[in-house]
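The data below hold one chain only, encoded as structure tokens and taken in the form predicted on its own.
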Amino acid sequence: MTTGSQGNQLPWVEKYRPKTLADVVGNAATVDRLRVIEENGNCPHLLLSGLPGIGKTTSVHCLAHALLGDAYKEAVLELNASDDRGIDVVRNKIKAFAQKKVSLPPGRHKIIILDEADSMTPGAQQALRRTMELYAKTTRFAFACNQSNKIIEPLQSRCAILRFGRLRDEEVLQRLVEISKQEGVQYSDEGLAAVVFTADGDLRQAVNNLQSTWTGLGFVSPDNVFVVCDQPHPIIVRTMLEACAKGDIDTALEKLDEVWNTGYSSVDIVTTLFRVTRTLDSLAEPVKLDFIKEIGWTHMRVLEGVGTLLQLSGLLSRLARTAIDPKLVTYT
């Protein structure tokens, strides 16, 4: 448990947030491109896209700190999705910051960071086009977003596009071990593996889950992790899938009832089915691909609102039939 100074009271995602690009976990090729910009000092407009919790915004802040040094506070403006970022904000707040005179190191520029940029209205994005051109000599823009296709083409063409991928399990695990040693966390290897499983490549989620489990239950074990994170236990889901692989639909349906009666939603169950299938070594590769395809179809139906026990039971029956004879399965 963490007690004492204010620094120890910080959430671990903030306490252990990387301060330099060298500390950023994963996406080595993309981070190396940022390090080249850091060394040259000439920062273009940037568009960073990728899933949540994999280091996009943190990388931009690390780059800004390296480029601007002590001028960071005066020369960086960050707007998040929680801020109003309509046309008025672009015309007033962003434009006013771009016009502001700030003492900077030679050859450096002010930086405007727009986090969750894909939630900006198309009108606000259109208004940015001219602003980016007018103040290009003094100001650079960095857009961080989950889906780059929601950024209009004129903005994309003005930016160097950097794509961040999901972090590998080994990278997440290594960082969790480092934090656990710093905080004196008691854990089992299986417990940390469970944290990595629940995060699914999202390092921020992994660190939050680690802190929640340790703070709440005092030991990081698989059972404690899945209680705190409130996800279906993958061992039960694995048993369900292995029964389907053998064509034993009765056992699979029993396990499904067990999970369903615990109160998990259809989305939780289908998502865990996908994650476990992806790592299930006992399945032959062609069968695994068929399983993933079938789970994907069901996931789509669940997201459209058909999240009943009957829908999930139908999924298991199709998985069992796929394992017996793939030719019997038709996709509609």
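In case it trips you up, residue 1 is the first one in the sequence shown, and so on. No experiment lies behind these values; they were computed from the predicted model shown.
As for the form predicted together with a small molecule, it is not shown, yet the points below apply to it.
Only one segment in the set 294-302, 275-283, 32-40, 56-64 has any non-hydrogen atom within 4.5 angstroms of the small molecule in the predicted complex, and it is 56-64. Checking Leu162, Ala243, Ala199, Leu167 for any heavy atom within 4.5 Å of the small molecule in the predicted complex turns up a single hit: Leu167. Contact annotation for Arg129: none of its heavy atoms lies within 4.5 Å of the small molecule in the predicted complex.
The closest heavy atom approach of Arg204 to the small molecule in the predicted complex falls within 4.5 Å.
Of the heavy atoms in Gly69, none are within 4.5 Å of the small molecule in the predicted complex. At a distance threshold of 4.5 angstroms between non-hydrogen atoms, Pro52 is in contact with the small molecule in the predicted complex.
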